[in-house]
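A single chain comes next, written as structure tokens; it is the form predicted alone.
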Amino acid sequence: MTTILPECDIPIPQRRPHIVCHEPGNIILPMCNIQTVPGDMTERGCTFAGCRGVVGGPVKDVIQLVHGPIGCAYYTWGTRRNLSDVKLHRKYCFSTDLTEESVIYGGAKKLLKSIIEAHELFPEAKAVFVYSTCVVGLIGDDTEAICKQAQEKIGIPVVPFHCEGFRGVSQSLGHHIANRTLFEKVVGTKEPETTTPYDMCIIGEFNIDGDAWIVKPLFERMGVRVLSVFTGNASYADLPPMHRAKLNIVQCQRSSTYIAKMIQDKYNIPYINVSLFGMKQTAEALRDVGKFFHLEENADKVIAEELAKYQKNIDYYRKRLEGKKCFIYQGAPRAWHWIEPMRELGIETILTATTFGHKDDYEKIMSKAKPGHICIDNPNALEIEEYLVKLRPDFFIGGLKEKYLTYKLGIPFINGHSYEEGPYAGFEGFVNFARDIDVAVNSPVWKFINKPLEVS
């Protein structure tokens, strides 16, 4: 393993330890989970974004109130497609709209008034989640006391999240804060009406484009009862009984392992890590769950049914994609979740990058990477551009921020953050994923591009 300093980073040599080339027998992980170097145009989000945007936001029947300036409330329904089956969801934007006057005199009265007003407008809400932004941390509003006062007035839970954006080095701390808050204030506050020996929670599944609606029935067909999905399409009422599951499985192992560990430590409920992307990994996850509940035959039956239905589609797309090379740039876990599914399609991942990966994320990437694989922690746009030009992958899986840069360079792009036409999880979802890659890579539009732009 060697570290690399791209040409674009010559003015900021501190970036060198964050970029490595995989060299078996001499493994060095990228430096990660530290403050971004001043001057480096990071693409990271803030702690508030991780708390509300990833973990808290998908809960569907609560008022998601942003306590801060109106600009912080930008992230609503349109930024990430966490689908739900009720009207009250994050497509509504609630904010206390703090101004300079609030900074001088405090935002407490405005927060209390906003909670009561929102509840009057949406009485069907089962709870209110209040997210503190940077300004609130600086002026020192006592959100705990205000939320307690509001809860007594409106009669439903009002949960404060202390997720001021300046805390932590990235959105990753926001995930942790959301996990801890929900564990301490919600989980265990109510018992389920009934329990069975086969109760399980799916943790770290956020129902992007309907992922949860694809994977949940797989386990139910095995005879497992899914007590709660944390937090994709989850009702508030789904969260308190999580402590009565017999097993937790963790899909997003960066944002949600925290609550699985806390439930294990307090309630002695084990958890296992799974990957529900790709045919092989999904089958392995079902077998692991089947083994735990002694439902091995049921698991094998479901797997056989799914493979009979969908494997032929994967074989078809493999013929069209074999030999292609790709970049994967995601928040963290999908960078390693998707290396093996790409190989099922005959595709080799030659570069991975994460926005907020920790040491264990990079260990998982390196365990799957081939020699010469480039791995970048917290890349900036110039680094992405330089490597796209130098290595010329056949396609790039990233987020919306990278989409148009990639197109300008004449390289096909897949939105891995919110998907093109998902869901992408499970057996059926993998067919969708393969189809979208095929559409992007084999589109005739690329023949009409005269000359890709060169890096300046």
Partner chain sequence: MARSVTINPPKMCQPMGAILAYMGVHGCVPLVHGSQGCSTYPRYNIARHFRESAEVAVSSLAEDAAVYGGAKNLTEAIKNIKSRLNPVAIGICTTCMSETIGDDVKLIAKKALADDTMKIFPASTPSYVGTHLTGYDNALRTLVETLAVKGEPNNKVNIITGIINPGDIRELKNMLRLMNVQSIFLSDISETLDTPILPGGHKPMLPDGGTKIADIADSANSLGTIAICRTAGSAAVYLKNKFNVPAVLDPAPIGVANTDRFVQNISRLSKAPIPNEIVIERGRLIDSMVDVHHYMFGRKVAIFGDPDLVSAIVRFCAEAGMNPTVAMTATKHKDFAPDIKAVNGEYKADTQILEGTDLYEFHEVVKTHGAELILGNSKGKDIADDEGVPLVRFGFPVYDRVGVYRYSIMGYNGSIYLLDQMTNAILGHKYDPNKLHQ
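Not measured: the values here are computed from a predicted model. Positions refer to the first chain, counted from 1.
Beyond the structure shown, there is the form predicted in complex with the partner chain, which is absent from this document and is the topic of what follows.
- Only one of Tyr267, Tyr105, Phe122, Tyr316 lies close to the partner chain in the predicted bound form, with a heavy atom inside 4.5 Å, and it is Phe122.
- Contact with the partner chain in the predicted bound form, defined as a heavy atom within 4.5 Å, holds for exactly one of Ala304, Ala381, Ala237, Ala145, namely Ala381.
- In the predicted bound form, the partner chain stays beyond 4.5 Å of every heavy atom belonging to Lys390.
- Among heavy atoms of Gly168, some come within 4.5 Å of the partner chain in the predicted bound form.
- In the predicted bound form, the partner chain lies within 4.5 Å of some heavy atom of Phe94.
- When contacts are judged by a 4.5 Å heavy atom cut-off, Val274 does not count as touching the partner chain in the predicted bound form.
- Per the 4.5 Å heavy atom criterion, the partner chain in the predicted bound form is contacted by stretch 158-166, the sole one of 158-166, 196-204, 320-328, 181-189.
- Taken together, the three residues Pro38, Phe48 and Pro69 all lie with some non-hydrogen atom within 4.5 angstroms of the partner chain in the predicted bound form.
- For the stretch 101-117, the set of residues having any non-hydrogen atom within 4.5 angstroms of the partner chain in the predicted bound form comprises Val103, Lys110, Lys113, Ser114, Glu117, in sequence order.
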